[in-house]
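Shown next as structure tokens: one chain only, the form predicted alone.
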């Protein structure tokens, strides 16, 4: 509980500091809105050009887009310390000071940054979810709400775990490894659409290596009444745990990398 209290206190301070420059914050937030709005526009253009994509109707595509956008940008908003700041901490030697403090390194990294500009991207995702839910006429039940909430949480853990992979590489190489972006930002762009529309190699990649299909597409398809791969209902809640598994494995690797960390000497 004390860690959560510390995190919330850090977030309040960081938000207050960013609000000291309201014009700059507003302009950057609008820029984020234009960026994410452009991606949503791409989905609208696809829907306008094709009445159906595979077995997925327009409302289904909006729903998939919304789930990915909300989960990804929530992670970027509150996990900015990992997604953007960690390479700088290593290069400048600031990571050294974190190792001397009584709190865990990951806790300190998460408390070091926040990106409230992402709120507009999250808003676009919520709009897509509402539009997709209405167009697909989803009949919400307690189980579907539970699956939806768990999908968002597990997807956030998965995304944070994938960003931690870059942190692990960064500890050894000092610089960030752009190849990891193929799993993170590349995964976000690709998995805004149902995974079963892609060739088998890509389906395997996003099912086993970066399992967005497990944490997002399987529950989303079930909520839409179109189970992915024809799997039974109980697999929906089991597949979601893959996000927790990925995060747990990478967290162990992250701890191992920290034990072998060598200061940059800055």
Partner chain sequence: MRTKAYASIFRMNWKLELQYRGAVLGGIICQLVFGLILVSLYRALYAGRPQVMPIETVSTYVWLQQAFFRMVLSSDSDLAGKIRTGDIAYDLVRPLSLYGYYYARILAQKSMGSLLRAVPMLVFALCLPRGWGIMAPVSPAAFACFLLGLMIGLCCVSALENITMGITMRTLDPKGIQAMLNLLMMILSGNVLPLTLYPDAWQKVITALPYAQLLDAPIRLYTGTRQVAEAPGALLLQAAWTVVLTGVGIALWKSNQRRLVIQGG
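If you're wondering where the values come from, they're calculated on a predicted model, not measured in any experiment. Numbering follows the first chain given and starts at 1.
If you look for the form predicted in complex with its partner chain, you will not find it shown, but the lines that follow are about it.
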Would you point out which of 63-71, 31-39, 214-222, 236-244 contains residues with a non-hydrogen atom within 4.5 Å of its partner chain in the predicted bound form?
31-39
Would you say all of 45, 49 and 181 touch its partner chain in the predicted bound form, counting a heavy atom within 4.5 Å as a touch?
yes
Going by heavy atom distances of 4.5 angstroms or less, which of 77, 110, 190, 156 would be at the interface with its partner chain in the predicted bound form?
190
Going by a heavy atom distance of 4.5 Å, is residue 84 a contact of its partner chain in the predicted bound form?
no
Is there a heavy atom of residue 210 lying 4.5 Å or less from a heavy atom of its partner chain in the predicted bound form?
no
Consider residue 205 of the chain shown here, and say whether it contacts its partner chain in the predicted bound form, taking contact as heavy atoms within 4.5 Å.
yes
Contact test in the predicted bound form: residue 185 vs its partner chain, heavy atoms, 4.5 Å:
yes
